[in-house]
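One chain comes next, on its own, written as structure tokens: the form predicted on its own.
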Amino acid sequence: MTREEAVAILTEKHQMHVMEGFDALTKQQQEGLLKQVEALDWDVIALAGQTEPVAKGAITPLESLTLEEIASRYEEYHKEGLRAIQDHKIGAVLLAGGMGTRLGSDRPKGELNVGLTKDRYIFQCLIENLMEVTKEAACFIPLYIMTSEKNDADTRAFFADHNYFGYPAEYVKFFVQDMAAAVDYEGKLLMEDHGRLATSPNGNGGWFSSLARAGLLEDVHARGVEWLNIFAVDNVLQKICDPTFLGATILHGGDCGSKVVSKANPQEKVGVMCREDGKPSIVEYYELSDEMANERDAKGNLVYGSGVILNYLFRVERLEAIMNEKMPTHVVEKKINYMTADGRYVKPEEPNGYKFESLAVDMIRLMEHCVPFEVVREKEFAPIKNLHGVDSLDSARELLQQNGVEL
């Protein structure tokens, strides 16, 4: 994009403040800013202020494979999943673009030390969980790690400094999550530095398009990978590329699978599996009416009780088919660091604008057949969202110890 083209579009959009001081920038800074302007999605920016949840269609139940059903076919599922791993059809994707801000750290979240008497990092826990499977299968699984602009260099260095926690470096590839511009409450683009728009990661829903843009889809195809198991960085207990989960999804003809736990109570703040207009979907806890949240079946189980834990399996072929489909944009009020017109850098203590995100849960609705797969909460769900309290470092440490992990 040329300067003239940028001026034209920014004038039309009433955002010419972005070009203030342009002549004083270095050539590299000018090129960087023009590249950012060219990449702006004005349809998304126009959503500023629209913080209401994305409208849902008709919600109906979607039954999960229960613990009992899984146990009855365990050997069949496990054998099928193990075969898929050994046939090199499985890859893993770690969503690690976040920082440890809520945990009092300015480092990548995966660097958090959960150890008590020795060092044990979140990244280490996840790699060791994956290696339990690779040892059983006697082969390695390609691992793609999504970082963000803000933590990419630190994450790569951390893995290198710790020798990838014993995982072969040639099986690990990093890629950077796409970024989205942030705006103030008036819809004006914020600047984070001279000649640089304030941006933030665009949500975990863009993981596959980011992977493709980084050129790693070629690596996926070259390795013969047909399925990708994506998982969040903050759940230190989760099983990754779990053969039983893989096999169940494959044998039931799904193009995706979702690990779920039985909700602790009707008000638990987790998304739940459902059907939306007849297609698999996930409805957030705040989108359920009180009646739906409390509805129970003949056995006394919650009808909408399968809580997702952000551990999904997707067929690559289906991901490629939907890659260019428009996903819902979620507008979120946030505290956004920015630079004022006179060059002052501000770290607000209260929300001051909007960030725009897409979410991985929205990908489920683009699938034809999802297989919800129940797991035991105490064995596979120990998210670290806070330092103390519910879903915290404290609770995760307790669960890790309950599962025999030395801290």
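These figures come from a predicted structure and were not determined experimentally. Throughout, we count residues from 1 along the sequence that is shown.
The following text describes the form predicted in complex with uridine 5'-triphosphate (UTP), which does not appear among the structures shown.
Colleague: Decide if the three candidate residues 96, 201 and 234 all line uridine 5'-triphosphate (UTP) in the model of the complex, where lining means a heavy atom within 4.5 Å.
Modeller: Verified in the model of the complex; spot residues all in contact, yes.
Colleague: Name the single residue among 283, 112, 146, 241 that comes within 4.5 Å of uridine 5'-triphosphate (UTP) in the model of the complex, judging by heavy atoms.
Modeller: Contact with uridine 5'-triphosphate (UTP) in the model of the complex is made by 146 alone.
Colleague: If the cut-off is 4.5 angstroms on heavy atoms, which of these, 246, 310, 181, 92, is the one near uridine 5'-triphosphate (UTP) in the model of the complex?
Modeller: In short, 310.
Colleague: Taking 4.5 angstroms as the heavy atom distance cut-off, pick the stretch from 221-229, 264-272, 102-110, 188-196 that is near uridine 5'-triphosphate (UTP) in the model of the complex.
Modeller: Selected range: 102-110.
Colleague: Is the gap between residue 334 and uridine 5'-triphosphate (UTP) in the model of the complex 4.5 Å or less for some heavy atom pair?
Modeller: Close contact exists here: in the model of the complex, residue 334 approaches uridine 5'-triphosphate (UTP) to within 4.5 Å, heavy atoms only.
Colleague: At the 4.5 Å heavy atom threshold, is residue 177 in contact with uridine 5'-triphosphate (UTP) in the model of the complex?
Modeller: Residue-level check for residue 177: yes, a contact with uridine 5'-triphosphate (UTP).
Colleague: In the model of the complex, does residue 385 come within 4.5 Å of uridine 5'-triphosphate (UTP), counting heavy atoms only?
Modeller: Residue 385: contacts uridine 5'-triphosphate (UTP) in the model of the complex.
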